[in-house]
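Each of the two blocks below gives one form of the same protein chain as structure tokens; they are labelled structure 1 and structure 2.
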Structure 1
Amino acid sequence: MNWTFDLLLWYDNAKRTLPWRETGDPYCIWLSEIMLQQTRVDQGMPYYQRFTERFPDVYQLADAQEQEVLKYWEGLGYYSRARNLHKAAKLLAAMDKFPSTAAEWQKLPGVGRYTSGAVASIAFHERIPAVDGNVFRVISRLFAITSDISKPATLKLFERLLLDVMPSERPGDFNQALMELGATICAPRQPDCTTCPIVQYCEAGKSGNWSLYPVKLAKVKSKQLNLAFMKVEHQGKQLWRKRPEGGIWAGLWEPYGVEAEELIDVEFVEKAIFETFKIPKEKASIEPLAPSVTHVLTHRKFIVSFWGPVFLSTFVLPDGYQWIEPEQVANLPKSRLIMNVTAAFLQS
């Protein structure tokens, strides 16, 4: 008996019941892997259910408009995942089949080394590792590996190690068992070693020094940016724009806003309003609509403030902006940050 046998035995008895595990449909498995990147299962489950109700197969996803796909993704974040998912669906629908190997999956937009390995092993039983953050954590603790997981060479080391022990008859279950163990027991902080099915084999578990693993030396500093969004109105309509392709929140909608490296205060906002709409300071009545909030992404931190209202009679319309009826705002695909902005505007 070895740790792989014990791991699979535990998985068979303790795995969570999840909809994509109840089917062999590559579409559902692929969608779940894309959707759960940077997202916990409990957070992603309502989105997965809503998304599959609207787009039950790859053909209906391929036929949809990007704006609708983004709307159904709204709130999940990392919107490039949704855009790439949509692009890949169009390619798959045209091919009229799903790839069966990880190498073929990696040719699709948004499908990298981990996702291709996960889908190919789970849906098509290819004997190939799928190493995500959970697997890095479990394996680094199991073997007390001190290599820096931020380096490509370490990923290859883990993949070789796993390929050596992966059972040929259940590669997908083996990958899922490692992910499940990392998600439910071998947590980043305070792992439950007393219930771990492979603790007797685990170097970090036996020594109690699990906090040393995994080793990640490279740290990316978060860049801070200040944003100010303004409620600008004309004849009952609000000023919004769809963000351009490329960059953060591409294709999503937001109200008129400005950004700066320095702290944004009322004088900064009044100046921006004057320079954009040619409204003199004495005619503008700008005040905060809601308290400022901090919005954190992977490598960015935004300090966001909300201002207004600004009522325009004559104006110069900024490039890319258009007037939107208030009742139509709810139908626009928006980032979670802008969803909160919308709530602040509606309450004002």
Structure 2
Amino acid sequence: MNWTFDLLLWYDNAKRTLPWRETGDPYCIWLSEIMLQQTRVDQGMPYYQRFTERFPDVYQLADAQEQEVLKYWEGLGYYSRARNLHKAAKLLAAMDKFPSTAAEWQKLPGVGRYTSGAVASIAFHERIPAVDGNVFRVISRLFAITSDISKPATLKLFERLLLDVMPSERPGDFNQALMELGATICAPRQPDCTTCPIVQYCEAGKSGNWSLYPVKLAKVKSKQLNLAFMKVEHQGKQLWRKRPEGGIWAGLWEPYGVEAEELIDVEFVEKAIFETFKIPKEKASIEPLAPSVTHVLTHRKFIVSFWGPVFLSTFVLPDGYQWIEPEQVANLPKSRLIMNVTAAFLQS
């Protein structure tokens, strides 16, 4: 007997009931894997429900407009996932059937080593590992591995190790069991080793040294940036733009704004408005629309202020911006930051 047996036995009894575990549909399994990238189950669940209701199969998704797909992703973050999902759906819809191997799945946009392994093992029973953050933690503790998990070579090491030990039967359940253990018992802090089904095999668990694993050297450094959004109006319409490809919040909408390294005060905003819209300085006088807020991301910290309103008598359209009817604003896909402050823009 070995640890893989005990792990699977535990999984059969203790696994959570999740909607994507109630189906064998590759579309649903693929969607769930994309949606849960760097995202907790609790956070993704309501999105999964709404998404599958509106896009029940790959053809419905492929036929949709990207803006509507983003609308259903609104607030979930990492929006390139939604755009790549949509692109991949178009490719899949043009095929006779879903690919059945991890190698084929990994050719699709947004599908990397983890997701391809997860989909192929769960939906098609291919004997291939799926190493995510949970698996890194469980396996590094189980074997007291001190390799830096932020290095690609360490991922290969873990995949090699798992390929050697994973059972031929139920590879998908085996991969999910590792993730389930990491998510429910073998937590980053305060793991519950007393209820762990494989603690007797675990180097870290037996010695109480769980806090040493996994080893992760790279740490993201957060940069601070200042943003100012302005309510600019012309004949009852507001100035908004769809953020360009390539950067943060790509494809999502926001009101007219400026960004700067330095603090953005009223003088800064008045100067920006004067230079952009060429209106008389005395008419460029504006005030705060709402209190400033701090918006924190993993790699950014934004200090955000809101100004206006600015009424334009002449029609000025900065590059990339459009005039939007206030009633249409609700339909635009927006980042969480913009979702939070849209009300202040509409009412004031």
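Since we're looking at a predicted model, the values are computed, not measured. The term rigid core refers to the maximal set of C-alpha atoms that superpose within 1.5 Å between the two forms. Numbering for residues begins at 1 and runs along the sequence of structure 1.
In this pair, structure 2 matches the form predicted together with the DNA, whereas the other structure does not. When the rigid core is held fixed, the Cα atom of Arg54 travels less than 2 angstroms between the two structures. With the core held fixed between the two structures, Pro309 has its Cα displaced by at least 2 Å. Shown in the overlay between the two structures, fitted on the rigid core, is a CA shift at Ser292 of 2 Å or greater.
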